[in-house]
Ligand code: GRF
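As structure tokens, one chain now follows by itself in the form predicted alone.
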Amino acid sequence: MKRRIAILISGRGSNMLALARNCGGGLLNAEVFFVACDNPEAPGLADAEKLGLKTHLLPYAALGKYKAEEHLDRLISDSRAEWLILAGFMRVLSPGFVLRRRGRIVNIHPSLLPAFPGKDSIRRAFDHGVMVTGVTVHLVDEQVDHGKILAQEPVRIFPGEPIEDLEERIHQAEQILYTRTLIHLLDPSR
């Protein structure tokens, strides 16, 4: 039986697209019931529509955080989505929202947590001069970029490498690690 997932995005949606394609191709034993976004200008929203996925704009700008989360709650309930997958969603979910779905919200973060939580993680790791950064998939809890770590993938920073090259390699690692982690999380028998 396929797992029912919903994906939240804020921007390009490259991880969402990879996950949606992997669901459609049977690699992930899941079906994307909707993609929701907090940014009406997000390219990922249009790309999700092109794939034929249901999309929803979360009314953060118009109604604020708690009303937007109430709207998201209704979308999840109406679709009966079992898992909420954050794929570049740049909002912090309220503790109450997270508590209602504890253990069922997954996030991907572009660093080896607990190092460099929050925004601009790639830039901060690069500027700090670390030799290795990476990607972390974790369950979401009430703290920012915290919660049980499910998987990590290191990404080496090469001397003299432009940050754009590092960002691209991290995004590639994210897509592979997220799918690999969700395969086992959504279908532990595999």
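From a predicted model like this one, the values you see are computed outputs, not experimental measurements. All residue numbers are counted from 1 along the displayed sequence.
The same protein also exists as the form predicted together with this ligand; that form is not shown, yet it is the one meant from here on.
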*169, 21, 180, 12: which sits within 4.5 Å of this ligand in the model of the complex by any heavy atom?*
12
*So in the model of the complex, does any heavy atom of residue 85 sit within 4.5 Å of this ligand?*
no
*asked:* Residue-level contact is defined here as any heavy atom of the residue lying within 4.5 Å of this ligand in the model of the complex; does residue 108 satisfy this criterion?
replied: yes
*Are there residues in 32-51 with a heavy atom within 4.5 Å of this ligand in the model of the complex, and which are they, in order?*
none
